[in-house]
Each structure stands twice: as C-alpha cells, then as structure tokens.
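The chain that follows stands alone, in the form predicted on its own, written as structure tokens.
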Amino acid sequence: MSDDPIPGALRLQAGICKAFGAPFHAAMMERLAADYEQGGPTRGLVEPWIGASARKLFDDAVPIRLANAFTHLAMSGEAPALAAAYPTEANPAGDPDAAWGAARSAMTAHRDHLLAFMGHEPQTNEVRRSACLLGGFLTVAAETGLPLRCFEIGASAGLNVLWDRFHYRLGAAEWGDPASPVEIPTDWEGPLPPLEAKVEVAERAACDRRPTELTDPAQRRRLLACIWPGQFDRLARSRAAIDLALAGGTVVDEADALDWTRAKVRPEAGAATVLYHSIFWQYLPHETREALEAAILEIGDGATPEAPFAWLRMEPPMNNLATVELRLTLWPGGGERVLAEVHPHGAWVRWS
C-alpha cells in the first residue's frame, strides 16, 4: 500500500463535500484520486505537493484547489464540453462522467489555466457565516451597550464586512433589514441571542494577505469558483453580497493579519472594539498563530469598561478540526465563552 497521502486527502475531501451537499464535487475528487493513483495527468497538477505531509496538504487546501480549478475553467467559457457537464439549475446533478472526460482532456489542453488557479490559495468568502457571527456581535452590543468598531482579519473579498446590512432568518426569528438584497437563512437550535440589542457599527475595517478585488471581473469569477458546484443558493447569496459590497465601497487592506492587528486594532473609549475572523485560524503557520494570539491578548489587557475589546471567532479547535465553534472573549476580564457550535458554511447554529 502506498504511503502517498494525496489520494487519501482527495477522498477525504470528497466525503466532506458529499456530506455538505456537493455530490458532483465529491464525484470529481474520487476520479481525481483514482487518476493520480494510476499515474494520470492529475499528478502533474499537484506536482508541487508530491512528497508533502498530510498536514501540509490540508493546510494548503490542495484537494479544494484542484477541484475548484476545474470549476473555474468551466465558468471561464474556455472549455465548453466541461461547462456543459457541470450542474445547472435545470440539471442540478450535472453529469460527472461527462465532466470527468472533459476534465481529463483539459489537463493537457488547459494545463496553464489550471496551474495558474492552483497557485493561489482558496478564499471562499462564505456569506452565510455571518449568521453565526451575528450572535457574537449581538452579545457584545448587549453586554457593553456601546457602538461597535469591527475589524476582520482573513477577510478575503470582505463580503462579511457589511454583516449588519443583511437580513437574517434564524429559524423562526428574524433580524436585520427585510429589504436587504442579501437574505441569510440558517437552522437555529437553542435559545436566541439578544436580538433586541441596539446595534450601531461606528467603524469597520478588514485585511487579507491577498484580498480579492471585486471590481475586477476575473477576480470575482475566481471567488465564485470556490463555491461548490450545484449549490445555487450559496452562489446567489455571494452575488448579492458582491453587489452590496461594490455599492458600499467595501475596502479590504492588503496586509499581514499580525502586522495589521498590531498597527490598527486598539480599544477606544465610547465603543466596543471587535476583532473577528471565520475559518481562518487553522490555515496560519503555528508561529503566526502564537504571535497573533499574544498580540490579541495584549490588546485585551489595555481594555477598560469605557473601551472594551472583544475577540470573536468562528473556528474549529486546533485539536478537533471536525467541529466548528463560535467563541467570544470579552475584556476587561478576558473571560472566554463558547457561544455555539456551528456549520462550517453557516447552514445551522446550535446556540449554547
């Protein structure tokens, strides 16, 4: 039996995609794994990671890069046979067998396109994650009674920067502007967060190491290619959020999260400062995580009742990447709470 972790990583991701309602993506990954084992052209696409550890494959999101590269190619118009086999609203299942035949041909005919896509880490800017973060923002607003200064790290295109301008359906409850073009439903279990809290966002800012420039059609297409085929509700929400971000002039600073946090984030009197992130922490190198956490704790030490500071994160614990939690630490005091267990894409929230 081969010790090469690449086929196993592809099949593991296939199982995740199937469990999260993306059977077409799962079928493509199963075929990519088999092709790799048989010495097919898939090997050439993942050559930079041959010999890498399973952890490195996960940190670099190699299976997702690979599968999304074909989605991007299908969206580009350069490979009509591939595009014709992908899911559509009229045919949500697509045709995985026809898609695989076209994909295998594309590995030669469109190799440069696929390699160029794989050279950039995935940046799925999942809008429905705001349904999870919302409860944390409401908790901070309710407990401090102050306007919020919101700072997002690892923000990608910044689609969640305008979280307070979306309309949410939290099970049977609602929050936000009913006229918002961005409608976010989520299955909600347990008590509701303080929906009655007064929310005023006094300041908002965001950074990413390689932000997506939404005014560039090519970069928008790349962002949308990271949405799994057949998940048309996610696609529609993302497009609506892109339009809202463009209309609102959302800006994402190109910066390292650690440097940006040290330079930009500090408590200010008269507002609650919130540093937040979602499905970001696990992709940081260990040393960066430690340095960033130390910087956040240092910021918290400077908080006062008049200038509180909150660290809100939607992340899996590093010792259990299969579970995603919403955690809040609020200073002064620095008490940490697990507010909820959540779906990685925000499809459900189990509030504590």
Ligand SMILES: C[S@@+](CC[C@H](N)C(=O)[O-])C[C@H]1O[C@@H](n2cnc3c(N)ncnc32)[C@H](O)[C@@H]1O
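None of the values given here were measured: they were computed from a predicted structure. All residue numbers are counted from 1 along the displayed sequence.
One more form of this protein, predicted together with the ligand, exists but is not displayed; see below.
Checking 198, 264, 221, 209 for any heavy atom within 4.5 Å of the ligand in the predicted complex turns up a single hit: 209. The contact with the ligand in the predicted complex, taken as any heavy atom within 4.5 Å, belongs to 255 out of 244, 255, 214, 79. Proximity of residue 129 to the ligand in the predicted complex: non-hydrogen atoms within 4.5 Å are present. Although the partner is absent here, residue 192 is not a contact residue: none of its heavy atoms lies within 4.5 angstroms of the ligand in the predicted complex. Residue contact with the ligand in the predicted complex: residue 121 places a heavy atom within 4.5 Å of it.
For the chain shown alone, residue 100 is not a contact residue for the ligand in the predicted complex, no non-hydrogen atom being within 4.5 angstroms. Heavy atoms within 4.5 Å of the ligand in the predicted complex are found in one stretch of 275-283, 139-147, 175-183, 79-87, which is 275-283.
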